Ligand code: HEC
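A single chain comes next, written as structure tokens; it is the form predicted on its own.
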């Protein structure tokens, strides 16, 4: 009896010891993941805060408030039917949740996001689908771009100086009479320079009429005259022009200046740029983890981070090669063979989108597109220059293995936007061209990318890590409310503010 009891006690102790051993083993493994990840963080010199040493406005600043009014006004579209916010709403991830935007000539100008449709106007670009040829990038964290803006970096800094947001007007190149003609910017910093262009795009804000305005500068100056009343422009009522003068006087701290002095295209673009630059959303769980909070992200996300920061020779995805630093982008352009959906953007009348080659006219730049920042990536889809992927997991799988992704890609099941099906006829052949260019770039050593074969579990881990890069504010309507004009505010109607609705 004593022997039996003794044996039972020993067995119990062994079981408890075994449980304790497993617990210590799990704890040790957990610590090992954290230790390895901390070594990566230190090795890549990460701080978690990409806004360090930058001059970034607050949304409460007077100029950012003026920029918000301009960002939301339909008075900057020639037909009063679109605004910057039509394709870049804070509640839609700083974009529009569509693969391709519908800017001018929407059936309902105030309906944004899924459900927004183009009028059947009979113009040459109407085919039942969207008219803008590329996905609308998010405006979030615009103050953190140093190299270029737009998918092809056609607005670009000459120096790319870290922290300068492109620099002054003399430091920035932008398109002149064509994308390939380069001229110096009219305004300082990249976001302000970028703001000069949607208002001149027929598909985005200009609309397809008004042949008398023969170039972009003519459109820009006409719109400035509209707000100020200069050169006899009477598009707006006296009350509306007075409201704009008041807004510019407040925003630019010039209480006694006149309309012709204040309401210029340079001041319009600069103020819009300040509004975009105020959209700083970087306080995410990953930042907290980098700053020392080990419990800020899940174990699955930590494993995904290790895959992200580990090289191919370590069994990792080597994402950090291009998505580097605390901004998660080097700002450079790469061929990644994202499926070529849509009507195309090109210089030869095809349905191809040649990317950077439209600027340089060099074949080696065919299908190169800007490397996107991954901050808030879970909230800024659809993904890719063509919005070809409508789930974060699908774009991750594409980046891991473009060959396999292209082989399996089906636009009719992946895409969600109504009317886009009519623009999928050339997807297979055009995407094959882009994939061939990727293969050529690999062979020449131009592209650092290699295919990797990850398990579903590893893909899930990468996705879990990427989800930690989103600031909770961009997931909260209450938090984002300060970047949205209040319809009850004075002069809301006089300033032609777009009052967005969503399906």
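In this text the structure is predicted, and so the values were computed from the model without any measurement. Numbering follows the first chain given and starts at 1.
The form predicted in complex with ligand HEC is left out here; the points below concern that form.
For the options 346, 233, 180, 321, the one in contact with ligand HEC in the predicted complex, meaning a heavy atom within 4.5 Å, is 321. Contact with ligand HEC in the predicted complex, judged by any heavy atom within 4.5 Å, is made by just one of 228, 371, 207, 366: 371. Although the partner is absent here, residue 272 is a contact residue: one of its heavy atoms lies within 4.5 angstroms of ligand HEC in the predicted complex. Heavy atoms of residue 71 reach within 4.5 Å of ligand HEC in the predicted complex, making it an interface residue.
When contacts are judged by a 4.5 Å heavy atom cut-off, residue 154 counts as touching ligand HEC in the predicted complex.
Residue contact check for residue 195: one or more of its heavy atoms lie within 4.5 Å of ligand HEC in the predicted complex.
With respect to ligand HEC in the predicted complex, the three residues 83, 396 and 399 uniformly fall within 4.5 angstroms at the level of their nearest heavy atom. Of the stretches 240-248, 211-219, 94-102, 290-298, only 94-102 has residues with a heavy atom within 4.5 Å of ligand HEC in the predicted complex.
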